[in-house]
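Take a look at this one chain, the form predicted on its own, written out in structure tokens.
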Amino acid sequence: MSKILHYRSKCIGCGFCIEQQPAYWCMSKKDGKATLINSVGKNGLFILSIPVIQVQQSKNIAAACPVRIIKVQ
């Protein structure tokens, strides 16, 4: 298993991650930032385990994030 790391506090709400991977991302109506669905958060870092088959798409989304707050391990 790999992981998506999301530094949510720095999100600008561009929505690219949501458009490209709606199974993992949604937009918060409360603050307009992307939320990593079913992730576990601590101190502003949200982590979600993902299957290997989703790693490349997740890396593409991380690379396209304009503020570089998404990482894939």
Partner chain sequence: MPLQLINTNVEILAPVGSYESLQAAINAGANSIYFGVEQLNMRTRSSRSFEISDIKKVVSICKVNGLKAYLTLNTVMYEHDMQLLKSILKEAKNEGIHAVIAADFSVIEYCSQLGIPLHISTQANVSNIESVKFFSRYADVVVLARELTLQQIDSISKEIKRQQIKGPAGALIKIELFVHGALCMAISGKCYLSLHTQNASANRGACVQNCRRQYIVKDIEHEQELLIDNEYIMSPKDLCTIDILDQLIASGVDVLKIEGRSKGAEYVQIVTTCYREALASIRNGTYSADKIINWKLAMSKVYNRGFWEGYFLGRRLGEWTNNSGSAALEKKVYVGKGSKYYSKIGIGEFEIESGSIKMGDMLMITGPACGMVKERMSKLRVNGIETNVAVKGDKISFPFATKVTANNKLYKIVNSNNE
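Residue numbers count along the first chain shown, from 1. Every value quoted in this text rests on a predicted model; they were computed, and no experiment measured them.
The form predicted together with its partner chain exists for this protein as well; it is not shown, and the discussion that follows is about that form.
Novice: How about M27: is it within 4.5 Å of its partner chain in the model of the complex, going by heavy atoms?
Specialist: Yes, M27 sits close enough to its partner chain in the model of the complex that at least one of its heavy atoms falls within 4.5 Å.
Novice: Please determine whether G44 contacts its partner chain in the model of the complex, using a 4.5 Å cut-off between heavy atoms.
Specialist: G44: no contact with its partner chain in the model of the complex.
Novice: Hey, in the model of the complex, is I53 touching its partner chain, heavy atoms inside 4.5 Å?
Specialist: No, I53 stays farther than 4.5 Å from its partner chain in the model of the complex.
Novice: Using 4.5 Å between non-hydrogen atoms, is S49 touching its partner chain in the model of the complex?
Specialist: S49 lies outside the contact set for its partner chain.
Novice: Considering only 1-17, what residues come within 4.5 Å of its partner chain in the model of the complex, judged by heavy atoms?
Specialist: Residues within 4.5 Å: S9, K10, C11, I12, G13, F16.
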